[in-house]
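Shown here is one chain on its own, the form predicted on its own, set out as structure tokens.
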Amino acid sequence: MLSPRLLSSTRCRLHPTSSGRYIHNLDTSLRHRSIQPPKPINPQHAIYLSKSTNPYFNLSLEDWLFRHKAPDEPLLLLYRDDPCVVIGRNQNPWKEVNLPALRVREGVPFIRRRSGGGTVYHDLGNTNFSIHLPRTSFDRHMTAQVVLRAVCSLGIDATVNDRNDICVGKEKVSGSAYKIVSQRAYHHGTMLISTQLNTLGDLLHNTKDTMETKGVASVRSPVRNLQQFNRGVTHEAFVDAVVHEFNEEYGIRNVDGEVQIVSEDNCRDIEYIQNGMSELPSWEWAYGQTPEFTYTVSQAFEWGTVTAKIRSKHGIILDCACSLSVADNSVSSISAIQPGVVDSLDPQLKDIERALLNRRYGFVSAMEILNSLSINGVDDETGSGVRAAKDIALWLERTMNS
């Protein structure tokens, strides 16, 4: 039986608990709670703490708990991830993620999660919380208050905004997303404690203004770390505070209030989790779930300007329309290429359009495009028309890979 105690205000003040202690005493940590040693996991406990930092595991664990916990009981999961970018279920990675910046950071993936919402960055300076409840009693404002009280107990004067994000002043320290199914719902989110904010800003910076998507767009906001307001805040202190507030909110006592430690080792025999870990990095999930989008781009070359309008759905190029124009006052104008080459490029543009049809967006190379034009290599300089075709193919490869 749930016993929610929703605060009447979105601002949390520091108050002692029923035992008379303040939770923001940072000497209080998980060692003062009853923590079970690693053992085969089952989904019927109330509180779980993952010791794995593998994002594929943690997201799959979260989904398994969500699907297998008794539907009428509350659940809390806390975990941290190695560096990664996590996009929402209905988002476009080419629109949300700075993919070139991501590629130069070896071992930092982007992952499509199973809930909605916007794009976030995870690293070991960020702690993730996930509160699962029966759908009939789920209230995202109430779950936000649980996390808010935990932050306030750490000596930080925080508030909840109208999007249920935790803020200090006007800056976010936590963002949230939600998932609702027939009998269950969850509210999960990030808590920035000491994350690398420069990396976060770099990887989430994208300027594709001409990409129109039917997916969900992220709402960009200025962010801060909790340690910028209280240097003593740690992952362990935040976990302890959230566990306490969760227990208080839902009246969890005795063995149900024990923190269950989870590792990858005690989940290796759970097929659902193993399948999830295989699905998340697959092309079919990461790219193939992308909602329909249209990207219109133009590039000025020495000999003229090419405009391409590319339409894609579920990661597959549905059509591409290319057009060519040469301005009368362009640099070198027609003299940059042989007479008639501009006219001869028109059928080659049609061939390029056909070459892209039904291909995976972002996974088509310039060589594959050129092969469709019977050009045998990008270094084979056989004429100005061929050079122009190569220019276009290389530009389209760069454009779709960015």
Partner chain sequence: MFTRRLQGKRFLVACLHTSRRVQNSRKVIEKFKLADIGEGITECEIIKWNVKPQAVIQAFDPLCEVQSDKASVEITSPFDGVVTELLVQEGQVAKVGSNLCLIEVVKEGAIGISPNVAEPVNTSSNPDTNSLPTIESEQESGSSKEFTSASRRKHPMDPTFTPDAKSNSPIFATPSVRHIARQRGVDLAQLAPGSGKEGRIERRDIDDYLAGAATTKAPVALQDDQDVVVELGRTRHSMWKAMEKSLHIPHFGYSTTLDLTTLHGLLPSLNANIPPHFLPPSVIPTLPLAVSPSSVYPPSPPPEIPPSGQYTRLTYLPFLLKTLAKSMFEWPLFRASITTTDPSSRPTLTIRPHSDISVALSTPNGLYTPTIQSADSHSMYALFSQLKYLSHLGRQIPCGLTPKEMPKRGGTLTVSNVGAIGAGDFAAPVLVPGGGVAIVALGRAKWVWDVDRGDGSGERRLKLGVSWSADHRVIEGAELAAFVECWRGYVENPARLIADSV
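Positions refer to the first chain, counted from 1. Only a predicted model underlies this, so the values are computations on that prediction, with no experimental measurement involved.
FYI, the form predicted together with the partner chain isn't displayed, but the following is about it.
Would you please decide whether Arg67 lies within 4.5 angstroms of the partner chain in the predicted complex, comparing each non-hydrogen atom pair?
Contact check for Arg67: yes, within 4.5 Å of the partner chain in the predicted complex.
Quick one: does Lys208 come within 4.5 Å of the partner chain in the predicted complex, counting heavy atoms only?
Flag for Lys208 set to no.
Applying a 4.5 Å heavy atom distance criterion, does Lys214 contact the partner chain in the predicted complex?
Lys214 belongs to the contact set for the partner chain.
Does at least one non-hydrogen atom of Ser176 fall within 4.5 angstroms of the partner chain in the predicted complex?
Yes, Ser176 is a contact residue.
Which of Ser130, Asn225, Thr190, Ser115 has a heavy atom within 4.5 Å of the partner chain in the predicted complex?
Of the candidates Ser130, Asn225, Thr190, Ser115, Ser115 is the one lying within 4.5 Å of the partner chain in the predicted complex.
Identify which of Arg105, Arg89, His235, Lys309 has a heavy atom within 4.5 Å of the partner chain in the predicted complex; exactly one of them does.
Partner contact (heavy atom, 4.5 Å) among the options: Arg89.
Verify the flagged residues Ser137, Tyr250 and Lys313 against the partner chain in the predicted complex: is each one within 4.5 Å by a non-hydrogen atom?
Yes, the whole trio is in contact, each within 4.5 Å by some heavy atom.
Which of these stretches, 93-101, 120-128, 296-304, 140-148, has heavy atoms within 4.5 Å of the partner chain in the predicted complex?
Going through the listed ranges, the match is 140-148.
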